[in-house]
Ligand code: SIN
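Here's a solo chain for you in structure tokens, the form predicted on its own.
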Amino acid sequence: MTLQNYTIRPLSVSVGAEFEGIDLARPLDDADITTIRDTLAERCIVLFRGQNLTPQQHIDFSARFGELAIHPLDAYQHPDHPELFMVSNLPVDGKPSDTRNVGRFWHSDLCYTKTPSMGSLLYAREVPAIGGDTVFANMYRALETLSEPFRNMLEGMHAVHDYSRSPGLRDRDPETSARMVAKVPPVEHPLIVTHPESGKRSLFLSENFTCRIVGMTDKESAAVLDHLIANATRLENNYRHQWRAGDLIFWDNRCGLHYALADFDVDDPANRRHMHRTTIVGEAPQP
């Protein structure tokens, strides 16, 4: 196997890198995988445009980075490939898709589980002509840009992550929501974590899912969490991606947040947005 001839360019000052000239349907050398992994750990997301992948090729590429998770909420699974999480506004059996409005807040995937996802690979198969963007934030910088006294206060603190706080549960019938919540009880994770590959430290929290800082009153906790999210998601710390069909973005859930914008009419049949996502198994976050 020979290395592919590609270049790497930053997507913004704060977040992301694009691999130009790489074909993910072709075999990749171990050195290519190492380069992608190292770039991901440093830049939080990597982008590959112009891909033409079958579901199995998407799965095979993703598996080069670790064991693939089966999403705990089975309503989201691809019918033929359970490794694929379906993010789509296309009707299912004549009914609106359960995933047409997922991700409408700042979060990292599966943060509400004991072992949150290492990373996610989202592949755009169909996108609307306008809208459907995703915004990403760098959580290394979210920590670095806090004042030293504030960072010192957060050292050693843990926060509760709770799937029942998901706004998307309101769109489902109560029985389905209760079944989904029962699968993932609340967990505690450190507020400041160390990335196992880069060795850098970052904040680890999500909007809505992270509901309380252990040991603080509800009022204190809400004020701190609101400030941390606001600082993390400042425009200077963001990259906004305008999707094209054939784009694949690999994001690192250990050092980044993302937000799927509600910037198009998901119920208009002309605005088809259909994506496949694989999720890589992670480890319990460590301080």
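Note that the coordinates shown come from a computational prediction; the quantities given were computed from them, not determined experimentally. Residue positions are given as counts along the sequence shown, with the first one as 1.
The next section is about a form of this same protein that is not shown, the form predicted in complex with the named molecule.
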Exercise for the section: Given the named molecule in the predicted complex, answer whether the residues 109, 134 and 251 all have a heavy atom inside 4.5 Å of it. Expected result: yes
Exercise for the section: Using a 4.5 Å heavy atom cut-off, indicate which stretch of 33-41, 216-224, 257-265, 53-61 touches the named molecule in the predicted complex. Expected result: 257-265
Handout entry: the named molecule contact at residue 102 in the predicted complex, heavy atom, 4.5 Å
Key = yes
Exercise for the section: Decide whether residue 193 counts as a contact residue for the named molecule in the predicted complex under a heavy atom distance cut-off of 4.5 Å. Expected result: no
Problem - in the predicted complex, residue 142 touching the named molecule (heavy atom, 4.5 Å) - result: no
Exercise for the section: Examine residue 122 and determine whether its closest non-hydrogen atom to the named molecule in the predicted complex is within 4.5 angstroms. Expected result: yes
Exercise for the section: Could you spot which one of 118, 181, 211, 87 gets a heavy atom to within 4.5 Å of the named molecule in the predicted complex? Expected result: 87
